[in-house]
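Below sits a lone chain in C-alpha cells, taken as the form predicted alone.
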Amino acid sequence: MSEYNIKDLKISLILVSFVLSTFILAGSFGILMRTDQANLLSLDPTFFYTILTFHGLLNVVIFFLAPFFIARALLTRYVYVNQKITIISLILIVFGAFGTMFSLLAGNMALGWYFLYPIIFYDSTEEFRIIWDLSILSLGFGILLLALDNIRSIVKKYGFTKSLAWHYFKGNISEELPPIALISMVSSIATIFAAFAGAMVIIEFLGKDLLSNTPVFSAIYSVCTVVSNAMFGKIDPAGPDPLAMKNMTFMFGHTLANVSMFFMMAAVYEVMPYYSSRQWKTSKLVAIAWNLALIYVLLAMFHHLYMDFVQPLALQITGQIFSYVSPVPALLVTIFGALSQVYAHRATNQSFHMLPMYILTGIACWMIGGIAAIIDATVPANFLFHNTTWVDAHFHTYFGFGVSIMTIAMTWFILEKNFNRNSQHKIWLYAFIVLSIGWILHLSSFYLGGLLSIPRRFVSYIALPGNLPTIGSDLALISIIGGIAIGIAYLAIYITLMKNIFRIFKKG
C-alpha cells in the first residue's frame, strides 16, 4: 500500500473537529477557574469543582482520542483497518462524551477527574451517577474496540513478534516494520490495559448502584472486585478496597494520558520524512526503546501514590525506578531521530515549513513536561510538589500544549497532503508566536506556584498562610493573561481548520 485510506482520514477529521471544539469549552472552564482564583469573580464551590471535573476528565479522555484516530488513519498506508469498527467506535465515543458532559453539568457532579472511591457516592445523585458510569463505559468500549482492531490489523500483516519488532533484537531486518506500526502496536496494548482497569472501576461503581440485585451482573461485579483487590494485595469479595480502586483509576488515567503522546509520536515518525525527504526507519535501538516504553508506561503510575503509606513498598519502589527509566528509551530516541530529520531538511536546503516547527515544539513540550514529571516523581521532591500546581504545570506542558499543537499540525498535514489544502499562510507564524507566549505565561504560573507550594484544586487561596494568598492570586492573573493569548491564537487556527474541513465534506 502506498497511500492512506481517504475514508479513514475523513473519519479522523470528524473526530479531531469534535476534539478541538470540546477543547475550547474545557479550556474556557479552565480560564474561568483561574479567574475565580485571581479573586476577579466568586464561583459557587460546587460549580467550581463541577467544571474542574469537566475540564480535567474531558481533556484527558478527549485529547487522547485525537492522536489515536490520527495515528490509526495514517496506519492505513501499511495495513487494512476495519472501517466498520472505526465508525462504531466513533459513535460510541461521541455518545459517551456527550453523556459525560450532560451528567457532569446537569448533575453538578464535582468529583475531580480521579473520581476516587468512595467519594463519588457522597457527591452525586444516583441518576446522574448512573448516566456518567454508562457514558464512561461507552467511551471506554469505543476505545477498546479501536485498540483491539489496531492489534488485529498489524498482527495479521506482520505477525505478533514482528509487530513488536522483536526480530530487530537479533539484527534480522529482512522484513522492515514501519515505526508507526510498532508504536501503534505498543500503544494499543497499553490502551487495552488502561481500558480494562477503567472498566473494572466503573463496573464496581455500577454494582453498588444497580447491578447488585441482578444475579448475572452481581457476579460480574464480584469478579471485578476480587480481581482489582487481589492485584494490589487484598482479596476481599465483600466490597471494593479504596486503595485498590485508586490504583486502578490511575492505571486508567495515567496510562491514557501518556499513551496519547505515544500515538502522536507514531504519527510524527510517519509525517516528518515528508518534510525532510529522509526515511525514518525502525532500528534495533528504536525497537528496544518502544518495547521498554510498553513496560514503563504501565508501571510508572505508582509515582502518583507515594503518599499512600499503606501501599506495599515494592510498588512504591517500582514507581520510582520506572519513573526514572521512562525518559531514556522512547523520548531520547525520538528526540535524536527528530533532530536528524531537521538536519536532513536543512542540509538539502529545502524551504521553511511551519508544520515541522509545530511538531518540534510539541516534542520539546514532551521533553520539558517529562523532566518536570521526573522531578515530581523523585520522593524528596514529591513531598514538596505533591498536590501543588507543579503537577498541573507538567501536565499542561506536554498534554495541554504539546499534544494539542501537534494535533493541529497533524490535522493540517492530512489536509495538505491528501486534500490539497494550502497550510502556508502567515496566520500560522503569527498564531505560533501568540500561542507560545500565551502558553509560557500560563505554564509559568503553575511552575512558580508549585515551587511556592501553592496547592492545586483550591477554589480560593484565602486560607493559605502568610503572603501566599496574594502570590497565588497574582499567579492566577498571569495565567489568565496567557489564557487569553492562547484563546486568540487557538480560535484563529480553529476557524481556519474548520473552514477547510467543512469544504472537504461539502465537496463530498
Partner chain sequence: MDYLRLTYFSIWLLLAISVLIIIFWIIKDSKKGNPEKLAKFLSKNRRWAFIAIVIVLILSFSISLIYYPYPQFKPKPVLYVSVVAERYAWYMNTTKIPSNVPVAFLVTSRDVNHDFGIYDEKGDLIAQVQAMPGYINELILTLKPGNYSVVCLEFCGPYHFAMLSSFEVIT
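Note that the structure is a prediction, hence the values are computed from the model and not measured. Numbering follows the first chain given and starts at 1.
The form predicted together with its partner chain is left out here; the points below concern that form.
Legend entry - Residue (of 60, 480, 51, 468) lying close to its partner chain in the predicted complex, criterion heavy atoms within 4.5 Å: Partner contact (heavy atom, 4.5 Å) among the options: 468.
Inset, instruction - Name the single residue among 278, 421, 254, 167 that comes within 4.5 Å of its partner chain in the predicted complex, judging by heavy atoms. - result: Answer to the contact question: 278.
Inset, instruction - Report yes if all three of 116, 339 and 385 come within 4.5 Å of its partner chain in the predicted complex by some heavy atom, otherwise no. - result: Every residue of the spot touches its partner chain in the predicted complex.
Legend entry - residue 380, heavy atom within 4.5 angstroms of its partner chain in the predicted complex: Taking the distances in the predicted complex, the answer for residue 380 is yes, it comes within 4.5 Å of its partner chain.
Inset, instruction - Verify the contact flag for residue 459: yes if a non-hydrogen atom of it lies within 4.5 Å of a non-hydrogen atom of its partner chain in the predicted complex, no if not. - result: Yes.
Legend entry - is_contact(residue 123, its partner chain) in the predicted complex, heavy atom dist at most 4.5 Å: Looking in the predicted complex, residue contacts with its partner chain include residue 123, since a heavy atom lies within 4.5 Å.
Inset, instruction - Consider residue 282 of the chain shown here, and say whether it contacts its partner chain in the predicted complex, taking contact as heavy atoms within 4.5 Å. - result: Residue 282 lies outside the contact set for its partner chain.
Inset, instruction - Given that the partner is absent here, state which listed stretch (401 to 409, 372 to 380, 131 to 139, 69 to 77) has heavy atoms within 4.5 Å of its partner chain in the predicted complex. - result: Partner-contacting stretch among the options: 372 to 380.
Inset, instruction - Go through 359 to 373 residue by residue and record those having a heavy atom within 4.5 Å of its partner chain in the predicted complex; state none if no residue qualifies. - result: Counting only heavy atoms within 4.5 Å of its partner chain in the predicted complex, the contacting residues of 359 to 373 are 360, 364, 367, 368, 371, 372.
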